[in-house]
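Encoded as structure tokens, the following chain is the form predicted alone, with no partner shown.
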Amino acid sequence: MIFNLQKKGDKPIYEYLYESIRNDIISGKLKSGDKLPSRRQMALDNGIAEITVANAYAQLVTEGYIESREKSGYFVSPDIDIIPETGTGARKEPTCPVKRYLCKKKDQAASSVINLSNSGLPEETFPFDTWSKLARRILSEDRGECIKAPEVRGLATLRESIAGYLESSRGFRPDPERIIVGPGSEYLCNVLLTLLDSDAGVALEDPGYRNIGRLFEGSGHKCFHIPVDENGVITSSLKGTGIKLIHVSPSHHFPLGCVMSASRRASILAWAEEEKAWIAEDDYDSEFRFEGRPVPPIASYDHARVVYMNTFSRTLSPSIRIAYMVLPEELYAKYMEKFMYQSGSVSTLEQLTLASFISDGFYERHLNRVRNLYKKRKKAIFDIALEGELSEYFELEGDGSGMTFILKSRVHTDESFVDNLRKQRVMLKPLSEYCFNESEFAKDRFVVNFGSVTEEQFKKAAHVMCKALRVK
């Protein structure tokens, strides 16, 4: 296979090679099961370094377009027929019914609502091929394990994988025995609430997660809403309240995007120690810090009063209903006393697949790939917000991390603005919908989730927003 490297433009050679092979696969020029040249042969044919070919092939393997077979070489994936065709030119109608359905679904989605409030992830980010291969291998080799009822804490193999991941990525290694696996952050927060005395107060950041807020407010505990400023939750508001559990997102506040300052972190730890209270640290999007070093979690400073929580819904898919928390010893003892006779709440097969996905190194490679994708997408969207017509009407707030940011209108808005956007099929939530108490700060501010929005969709949404304000 010989490619015209003169067409690569400013792209690195490995990226151009990767895109060229991928396009040949998507277009049908390369078919399922076709063998690719060896890395050495591809390098010789195109006059490039073998490491360049290795990098291109590695990316194609990671995304599931090709597979490596031991002592045989590289082959186009046998599952390639379920990948919808893409491209800018005319497209033939796929013969495969599954492929035809996916293409139709994609075309419909492109012309439907632009949802800037959706925290979902685009279809192309999920590692379908790798995930399905791992699941098939487990179903073949670990059938006995697959049909067992999972332990209430989660499978030991998954808890070990999570502990190893936290050590390498977040700077602390918890005891796998005290890791609790559950079907989502809401479920785990509900478990935490049941471990408290009935008269214990609970608290949330304001603004913050509405779903967690509803859970806390409906738990029967007295619920407090603690205000947040640019340094994070205002810890002076905690004193004398009787609060025994507070839910916070210190590494990247949702939805404001601020990072809790070092002094506030020290203050909240001192408060928790003095009041014998618990800090539920939700590290929901720590994997998507695009610039600088990751912010260390509070759990890496102190384990005694901190419940560390995270989820795979943000990095893999909302349909992967697996989250986890690390309980301090005192709460772990209460948990085992109350829940030890129950069965686990997450599918055994999904737990085994995820454990293998992490321990075999696929999760780290997946994160690197999607982190680069979102970094490029965020830059493109920020450029539109800062340089296009949107900049006449809005200013952008946020530290550039995570999957959300704030747009502050330079023009006063009211409910009719959001209603007008909805009529134009653009969904946008005002910051006030994330507030538990009325806030002057929230006025004329809007929360943008960009994870499942393309650059082109955001351009269209920006035009609709500007037009709605001009009409006002």
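In this text, the rigid core denotes the largest set of C-alpha atoms whose superposition between the two forms falls within 1.5 Å. Numbering starts at 1 and follows the sequence shown. Just so it is clear, the structure is predicted and the values come from calculations on it, not from any experiment.
Although not depicted, the form predicted together with another copy of the chain is the subject of the following passage.
Looking at residue 177, you'd find a heavy atom of it within 4.5 angstroms of another copy of the chain in the model of the complex. At least one heavy atom of residue 39 is located within 4.5 Å of another copy of the chain in the model of the complex. Not displayed here, another copy of the chain is approached by residue 318 to within 4.5 Å at the level of heavy atoms in the model of the complex. In the model of the complex, another copy of the chain sits beyond 4.5 Å of every heavy atom of residue 432.
With the partner omitted from this view, the residue of 273, 329, 392, 229 that lies near another copy of the chain in the model of the complex is 329 [heavy atom within 4.5 Å]. Exactly one listed residue, out of 364, 360, 383, 186, brings a non-hydrogen atom to within 4.5 Å of another copy of the chain in the model of the complex: 186. Shown alone, this chain has one stretch from 334-342, 237-245, 364-372, 287-295 that lies within 4.5 Å of another copy of the chain in the model of the complex by heavy atoms: 334-342.
Although the partner is absent from the chain shown here, 121, 144 and 215 each have a heavy atom within 4.5 Å of another copy of the chain in the model of the complex. Shown without its partner, the chain has 345, 346, 347, 348, 349, 350 in segment 345-361 as residues with a non-hydrogen atom within 4.5 angstroms of another copy of the chain in the model of the complex. With the core held fixed, the Cα of residue 433 is displaced between this form and the one not shown by less than 2 Å.
The Cα position of residue 411 differs by less than 2 Å between this form and the one not shown after fitting on the rigid core.
Superposed on the core, the two forms differ at residue 55: its CA moves 2 Å or more between this form and the one not shown.
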